[in-house]
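Just the one chain here, the form predicted on its own, laid out as structure tokens.
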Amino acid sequence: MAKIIEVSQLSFSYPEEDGNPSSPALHDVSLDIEEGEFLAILGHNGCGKSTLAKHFNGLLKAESGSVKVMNMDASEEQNLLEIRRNVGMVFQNPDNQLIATVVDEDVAFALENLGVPYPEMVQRVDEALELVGMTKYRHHAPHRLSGGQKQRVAIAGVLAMRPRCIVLDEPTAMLDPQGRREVMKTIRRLNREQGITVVLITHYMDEAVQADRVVVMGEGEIILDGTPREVFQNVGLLHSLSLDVPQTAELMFALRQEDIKVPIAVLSVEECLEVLEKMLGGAKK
């Protein structure tokens, strides 16, 4: 499968107020993301995950190492417009991305700035709102929508650009459980049905387990990289990084601590019930 983003030995430091570099926010990070992949990035606050994501569409420029998007060097100014058309960013607070007073005007905002012809603009807005399930709200005022609906409109604004990859930086952090479910359902559908590459930065383990692959960061470096089942076997390591694990894996870990032989990487309630039923059935015998 083709690589859409290639990060090689990337290092980056934010400048201090006196102009001197601070300790590295990223240190020698290498990461390849394949087209059509759903990647979740985990890590405690300040670990470098958002800094890494901002390199994916050229919001930040590598201090050393390289970032290539669709074989284009993200450090070269002439590539940035094309890169940003293909790698869209959605941030934590949807209110910061909503500009217009009507939903469909907001979705069309970036297209207007690019000079997209009106008939094509209308078609793209229609498609984007349909993809996120917000067509019936097209004439509503964004500020009157729920948090989950606002975030879906923000995603639609990115989708109207027809990107090949969407990077979402904690898009559900400010939402209630219903809003989180709405946004995650949208993200999964875009990935599974539209083939859009998704990079999701999250603190929620139940969101991370839905990804194809999970990367765990700590102190500006990649600590773990694998499938959700592979990553969440490392309960002790994740705890040492101040990270939670899925509740089902937490339960299995606690049972293992009591010398009860159960698998650790149990990621769903259904799988957990199956393991417990087998364990209790065996105990009765």
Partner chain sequence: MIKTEHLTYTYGIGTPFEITAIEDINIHIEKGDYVGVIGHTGSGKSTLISHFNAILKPTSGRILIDGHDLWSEEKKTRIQTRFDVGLVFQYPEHQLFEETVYKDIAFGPKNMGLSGEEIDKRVKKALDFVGLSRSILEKSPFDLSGGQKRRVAIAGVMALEPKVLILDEPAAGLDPRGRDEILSRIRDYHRETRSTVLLVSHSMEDISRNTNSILVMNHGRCAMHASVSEVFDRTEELIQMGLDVPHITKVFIALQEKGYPVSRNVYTIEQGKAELMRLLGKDGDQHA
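Numbering follows the first chain given and starts at 1. No experiment lies behind these values; they were computed from the predicted model shown.
Here the subject shifts to the form predicted in complex with its partner chain, a form of this protein not shown in this document.
Per the 4.5 Å heavy atom criterion, its partner chain in the predicted complex is contacted by stretch 202 to 210, the sole one of 188 to 196, 128 to 136, 68 to 76, 202 to 210. Comment: its partner chain is not present in this chain, but in the predicted complex one of S30, T227, Q247, S64 has a heavy atom within 4.5 Å of it, namely Q247.
Shown alone here, K54 lies farther than 4.5 Å from its partner chain in the predicted complex, counting heavy atoms only. When its partner chain is considered in the predicted complex, L280 lines it closely, a heavy atom lying within 4.5 Å.
The closest non-hydrogen atom of N86 lies beyond 4.5 Å of its partner chain in the predicted complex.
In the predicted complex, its partner chain sits beyond 4.5 Å of every heavy atom of L237. In the predicted complex, the residues of 161 to 186 lying within 4.5 Å of its partner chain by at least one heavy atom are, in order, M174, L175, D176, P177, Q178, R180, R181.
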